[in-house]
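A lone chain, given as structure tokens: the form predicted on its own.
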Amino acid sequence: MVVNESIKTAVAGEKNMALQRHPAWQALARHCETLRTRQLRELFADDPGRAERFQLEAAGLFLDYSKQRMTGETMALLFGLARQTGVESRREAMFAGEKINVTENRSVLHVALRAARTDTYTADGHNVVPEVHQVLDRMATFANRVRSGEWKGYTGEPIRNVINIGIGGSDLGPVMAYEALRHYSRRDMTFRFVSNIDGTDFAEAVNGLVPAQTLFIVSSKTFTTLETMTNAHSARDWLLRAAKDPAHTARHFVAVSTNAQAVRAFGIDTQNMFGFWDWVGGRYSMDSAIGLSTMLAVGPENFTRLLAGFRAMDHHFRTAPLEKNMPVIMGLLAVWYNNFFGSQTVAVLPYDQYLKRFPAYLQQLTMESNGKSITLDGQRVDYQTGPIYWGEPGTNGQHSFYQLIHQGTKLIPCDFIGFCRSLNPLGQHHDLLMANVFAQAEALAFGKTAAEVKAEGTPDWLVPHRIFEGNRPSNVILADVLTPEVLGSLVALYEHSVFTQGAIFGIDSFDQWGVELGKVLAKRIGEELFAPTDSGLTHDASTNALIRRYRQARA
């Protein structure tokens, strides 16, 4: 494989110095020791303008990061680290279409998926934006036909149910976007999603639906993904038990794929195949044709608004100086806790029920991207890379895991996400919801001292149990209301934060070789499960024993 020359230069230059030997890294390590025992109470008391200084607005989002365990000096050192590790040059290489995914020799151009028609993004020497908009236009035409009732099933009835079949980025993004934008969706249509190869997932997805009114979107670039195609064949069998004639498949299936031959062989008209490109990673694809189910749900106009939000954050990330760059700041703070405080996780806590699937979506985006232990130049890292991202919507999490965040032994930085207005105003519900956002961030930062607990009349024996140490860091991200634009900005914010972290770690954030071995072994074992119980096995003793036990139970 030939690696792009500019990337080779970056590896040999900026990345050749081991990360921990960078002067900024060493300065941060020393600086961290001076801050480790400092309390946020002190930092606020010493700096009356702190709240105003450590806040930022961009692309419809407001970020308050003043409750982080840092000072102006901390941030200056972090910005220095970003510059020393080449974040800016790598960012420009990405936007320029250079093949920064070095292990697969690919450009990384998900930013082109939301480009304006007049923009230019180049991959392999040509502008890809016209192709992107050709696909978007075809998606819009198709979505309008389905939504208007013009597209009909084999009995002449309009489509009332849409089921997206995919896995990973072909599922998590569409599911999250549908749930997040449900307020804007067609309420006379049903949207469901199938990803798990567990038959229960498919059985529950089609339960109660009429085949003649159901459209399946099969999302697989290669049209060979095991889980997706297993579910797709079950879906076709389910349809044909009612429709009988295999020719009716074409009225009830469309494909998001690039494998025209396999799509045609399945029975799908290739005129109803929507493609995307190898410079689009699965976890960065929700605004490509993978978002067809989203467009069907909310309509082409709202999908265009979603893309506009992505584009606004892309522009901010590319043009704002590091010191005023929201994704860069969030990425740097993640590095600060992960690599200097030893924090292993980040909790993402959206206080909006529509964002209930957002933490699950971020798990793939963040951990599949930066869950790496080898640098761009093939060396094993001697430092921590991507932290674990997790979370649940508030206020549910408060009655679940917040106990550990407040009084446990682990330091867990938190991102609180809230909105100033509700899409469903109901009495004082939203005011109480947002009161919890602000209260939780305040409690984590400042806690409650023994003196304050005693002043409430608490018995001495109970005082230790009611102390909150505080000094637990958090971001608060606010927007006016959850619109398609805001959702796009929010997703792009985390995309570029992940990019920033990966650039500092010197890893390839855009491959995912770690998912391959299990898939290869599963295919081999899947065939062995059907073999006679006494046939030979060549796995380790534990795996062999498990296979034999399963064979016996199955027999």
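Computed from a predicted model, the values in this text were never measured in an experiment. Numbers follow the displayed sequence, beginning with 1.
Although it is not shown, the form predicted in complex with a small molecule is what the next lines describe.
If you check 169, 484, 97, 331 against the small molecule in the model of the complex, which one has a heavy atom within 4.5 Å? Comparing distances to the small molecule in the model of the complex, the residue within 4.5 Å is 169.
Using heavy atoms only and a 4.5 Å cut-off, determine which of 155, 222, 196, 103 is in contact with the small molecule in the model of the complex. In short, 222.
Although the small molecule is absent from this view, report whether residue 68 comes within 4.5 Å of it in the model of the complex, heavy atoms only. So residue 68 does not count as contacting the small molecule.
Does residue 291 reach the small molecule in the model of the complex, with heavy atoms at most 4.5 Å apart? No - in the model of the complex, heavy atoms of residue 291 and the small molecule never come within 4.5 Å of each other.
Give a yes/no on whether residue 282 approaches the small molecule to within 4.5 Å in the model of the complex, heavy atoms considered. Residue 282: yes, in contact with the small molecule in the model of the complex.
4.5 angstroms heavy atom contact with the small molecule in the model of the complex for residue 314: Taking the distances in the model of the complex, the answer for residue 314 is no, it never comes within 4.5 Å of the small molecule.
Tell me, please, which stretch of 510-518, 41-49, 27-35, 490-498 lies within 4.5 angstroms of the small molecule in the model of the complex when heavy atoms are compared? The contacting stretch is 510-518.
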